[in-house]
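The data below hold one chain only, encoded as structure tokens and taken in the form predicted on its own.
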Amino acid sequence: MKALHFHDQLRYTPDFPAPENRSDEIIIQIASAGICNTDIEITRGYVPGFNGIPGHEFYGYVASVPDASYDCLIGKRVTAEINCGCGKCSFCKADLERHCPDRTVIGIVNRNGAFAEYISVPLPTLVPLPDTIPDNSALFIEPLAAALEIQEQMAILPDHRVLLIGDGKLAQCVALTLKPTGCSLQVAGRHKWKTALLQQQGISTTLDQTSLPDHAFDIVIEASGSSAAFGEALTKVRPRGAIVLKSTYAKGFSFNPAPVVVNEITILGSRCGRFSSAIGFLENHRPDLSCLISKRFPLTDGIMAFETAQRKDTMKVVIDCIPER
């Protein structure tokens, strides 16, 4: 099958081995998959020793099932939770497969991803997509789930002053999911055209973060992808406030923890969320997410798609793996 394969560098491979049928997995024909910053960071060494097909934001159609009892799924439009747990540990039993010590992660850890014609996923991870969710919105279920995870971890109330640092793909999703909370939301971005997308949604933005008062925000969410933003967050959060970290970096950074101790700041890491929450959000609020898609490429032009995704003048880049149905 056609695929994008990473081993030391990203390559397009026209004859990558297709996934084989297994008794506990379902094979999906990938329709489209979005490139996110984590995929780009993988090509920069974020996951040491990664050898496989990246890609975890996708939807497709069930192509093969383990036995006849699942025949009703054939052809159904689906996606899949990206964390594949063991199903036996305390984390899995608590619906926290993303923390299973033996998990595989689609396109990230020991499991091939979605930049290919086909993917095999464990049965429990399969997520059918309601007809009410358009294809372009289905591509954003994984990042929307990650954005909504913040609200699973902490309450965000109407009287909270919230600063969101970043205006990229994930930050846009975070902003859209925060708006219904009624909080006083301010987004600090770097790009006029990106912040304009948020302004169209009635969200307050600024390109001049220095104009914002120091130590004035109850919650600061760092979703810029820049390690320098952590220091900026420390200057804006109030004493006994919270900083939520959404970015992942290929390289670490150093900082002085004194302000965290002195001001008793809570630092909260926030990663993947539940797809059911994202689907509920899409059905209840019906945001138009097509404006976040900058370019689309066929799978055969996947290398060019990755190059384009790293440009500052693009938002979401999508790889179409099969012709439009």
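Residue indices: 1-based, along the sequence shown. Fair warning: this is a prediction, and the values are worked out from it, not measured in the lab.
The next section is about a form of this same protein that is not shown, the form predicted together with another copy of the chain.
Listed residues 76, 99, 191, 93 were compared with another copy of the chain in the predicted complex; 99 is the one with a heavy atom within 4.5 Å. In terms of contact with another copy of the chain in the predicted complex, the residue from 47, 282, 265, 27 that brings a heavy atom within 4.5 Å is 265.
Residues within 4.5 angstroms of another copy of the chain in the predicted complex, judged by any non-hydrogen atom, belong to 149-157 and to none of the other stretches in 197-205, 129-137, 149-157, 111-119. For a residue to qualify, one of its non-hydrogen atoms must sit within 4.5 Å of another copy of the chain in the predicted complex; all three of 103, 240 and 253 qualify. In the predicted complex, another copy of the chain sits within 4.5 Å of a heavy atom belonging to residue 270. Proximity of residue 125 to another copy of the chain in the predicted complex: non-hydrogen atoms within 4.5 Å are absent; the residue sits far from the partner. Proximity of residue 181 to another copy of the chain in the predicted complex falls outside the 4.5 Å heavy atom cutoff.
Though the partner is left out of this view, residue 186 does not reach within 4.5 Å of another copy of the chain in the predicted complex, counting heavy atoms only.
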